[in-house]
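Taking the form predicted on its own, here's one chain by itself in structure tokens.
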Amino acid sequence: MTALEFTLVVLALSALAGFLGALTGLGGGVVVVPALTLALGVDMKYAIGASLVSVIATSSGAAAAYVREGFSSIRIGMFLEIATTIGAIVGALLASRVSTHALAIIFGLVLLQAAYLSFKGQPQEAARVESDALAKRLRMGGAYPVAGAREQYGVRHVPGGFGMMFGAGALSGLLGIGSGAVKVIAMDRIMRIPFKVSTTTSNFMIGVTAAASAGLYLKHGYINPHVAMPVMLGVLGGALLGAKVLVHARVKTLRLVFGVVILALAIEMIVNGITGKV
């Protein structure tokens, strides 16, 4: 494969990953890393480095639209970024000391969880709750657009959500993914934040999380511009398109297809990690 062919293939795969990631809320990294590793033979740590760069681009692109439309909560996002950033630095430090075989197995297990979430579908909007004492003190409650109006929401269980965000950041730094699924679970299921606010705030957060760990990958020489640049451009373009389609499209079938693809990648990644092929 020539350099031009490699770049075009990476662009196409990354654009698809960014589009699916924006629609499903799982992030494009869960497709980019295994695609580069399994399909194109890129060393996994270089694939993770490229994915982290693309995550920063995705957050800068798609999340900007969500903030403008009033879905993302900047206050919640910036507070929870304290936990995810610390976790991302810890994960990136561990990545330089963990073998690619172990990384492949861990990544495969994370992909299995992402496939499960895709098959399960989007959770239903939880009933509106009142903010608890800590959330009120931090002024985390807010409002988001619903049918042309602004609907108020409350926030609960801040410490539990903060703890899960540390784990999400560690996964991001270790595996080069936005770990959007973990962030959304923390905000939606634990903190009782409405699902659309959780998803869009997660998109806003992942750029800061990735930036914290991308610097360490750059320091260790794991970010190759020949791989990172087409991945970044492809994921950014796909994510911007996905952000526009998200508001109008029915994504149930797409999530099912995405889940099947992720499940296949998870099995192959785990098997290759165990047999030492990556």
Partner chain sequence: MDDHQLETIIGQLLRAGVLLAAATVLAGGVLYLVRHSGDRVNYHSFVAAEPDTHTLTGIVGSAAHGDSAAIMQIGLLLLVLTPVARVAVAGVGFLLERDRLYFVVSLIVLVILVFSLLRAT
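Note that the coordinates shown come from a computational prediction; the quantities given were computed from them, not determined experimentally. Residue numbers count along the first chain shown, from 1.
The discussion below concerns the form predicted in complex with the partner chain, not included here.
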Using a 4.5 angstroms cut-off on non-hydrogen atoms, would Leu109 count as touching the partner chain in the predicted bound form?
no
So, in the predicted bound form, is Thr7 in contact with the partner chain at a 4.5 angstroms heavy atom limit?
yes
Would Gly207 count as touching the partner chain in the predicted bound form under a 4.5 Å heavy atom rule?
yes
Residue contact check: Thr199 to the partner chain in the predicted bound form, 4.5 Å heavy atom:
no
Listed residue that, although the partner chain is not shown, lies within 4.5 Å of it in the predicted bound form (heavy atoms), from Ile74, Val146, Leu94, Ala102
Ile74
Ser60, Ala63 and Gly221 - do all three of these have some heavy atom no more than 4.5 Å from the partner chain in the predicted bound form?
yes
Would you give me the residues of 85 to 109 that have any heavy atom within 4.5 Å of the partner chain in the predicted bound form, in order from first to last?
Thr85, Ile86, Ile89
